[in-house]
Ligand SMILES: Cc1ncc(COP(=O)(O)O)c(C=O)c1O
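In structure tokens, one chain follows: the form predicted on its own.
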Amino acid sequence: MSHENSNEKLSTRAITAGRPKRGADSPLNETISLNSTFAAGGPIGYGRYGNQTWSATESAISALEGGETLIFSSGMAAISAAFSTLAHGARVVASDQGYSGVMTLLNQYNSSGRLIVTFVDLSKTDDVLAALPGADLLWLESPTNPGLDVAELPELISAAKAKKILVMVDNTFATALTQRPLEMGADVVMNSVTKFLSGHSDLLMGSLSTKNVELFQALETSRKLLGAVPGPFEAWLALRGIRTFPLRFNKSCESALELAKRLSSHPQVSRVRYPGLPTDSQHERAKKFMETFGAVLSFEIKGSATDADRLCESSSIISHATSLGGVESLWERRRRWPSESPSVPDNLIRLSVGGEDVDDLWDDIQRAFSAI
């Protein structure tokens, strides 16, 4: 159930959705369904088609995103399933500086002819609009990873739908607490559940949410046939994480803004990228439709790539690791990955802000800077 007509706030839905029916001695939490086989006659049929733990987790995400949800074994599995619904040779418009996994996959598809991909700067609205004629899919990511550029989602989604173009949005950075693309008219929303929703850096999972019944069925068929299914234990962990997601995310967003402000005046920082800063080039656009500005920021240091690596290696509270969205703060120099977009500066560090005390994080950052 999507709860899209509910008057409950999202912070309440995260706690109430996906619960078993109430009754005498009924459990408050959905149990872990460790079954590959089910007795005939029911709606599940087989373990690759579903189980009760999946359904509970999907219900919780549906309540947040406002559409029916399918969960997958990873974020990239969800994305691959979404692209699998496109015809051979379909035309795709996507970010030229988005998540490296998506860019790598789309570049491979483009090289093989599986898809024809046009990469554009999503922050340049006119360039995106100019690329739309003849497209079959507009793949949006906002804010972008790791540049924190903001796409004008309402305008771009509306323009694409007016041309009958499919629109899918990666909502991992922003989450439903910041923006709800399905309400803007998008066809599919993707979340890397690995990140903020589960929030504890202990599982891999992705999700796709949609209001389109035919599209939902196509995505479900893709999951069944391609087999990118999550384990029930991972689904249970993800659901447990969702219960505290709003608390964790709101705290991290507050700390991210404060750290962005402090980094902006740091003598060893040349640029801070965070749309919550009034001085950020993306701020005026972002505040039109974003309810928060997220828990991830990026900054460029006055120094080399080697200096940036040394900085990340010198912290004691912030972990030097890839990924984001966990309760613990993480940072890394993104260009250490060969697949990262060449448009990302060599000295850019992405910081995912966790739930630690913000002053402790700041002290840790200052100590790390002293190492360079």
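Numbers follow the displayed sequence, beginning with 1. What you are looking at is a predicted structure, and each value in this text was computed from that prediction instead of being measured.
Not on display, but discussed next: the form predicted in complex with the ligand.
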Going by a heavy atom distance of 4.5 Å, is Ser298 a contact of the ligand in the predicted complex? no
Contact of Phe173 with the ligand in the predicted complex (heavy atom, 4.5 Å): yes
Is there a heavy atom of Lys195 no more than 4.5 Å from a heavy atom of the ligand in the predicted complex? yes
Is Met76 one of the residues lying within 4.5 Å of the ligand in the predicted complex, judged by heavy atom distances? yes
Would the ligand in the predicted complex be within 4.5 angstroms of a non-hydrogen atom of every residue among Ala94, Gln97 and Asp149? no
In the predicted complex, the residue from Leu138, Ile242, Ala186, Met190 that sits within 4.5 Å of the ligand by heavy atoms: Met190
Exactly one residue in Ala308, Ala63, Ile318, Leu324 has a non-hydrogen atom within 4.5 Å of the ligand in the predicted complex; which is it? Leu324
Looking at 251 to 259, 267 to 275, 140 to 148, 229 to 237, which lies within 4.5 angstroms of the ligand in the predicted complex, counting heavy atoms? 140 to 148
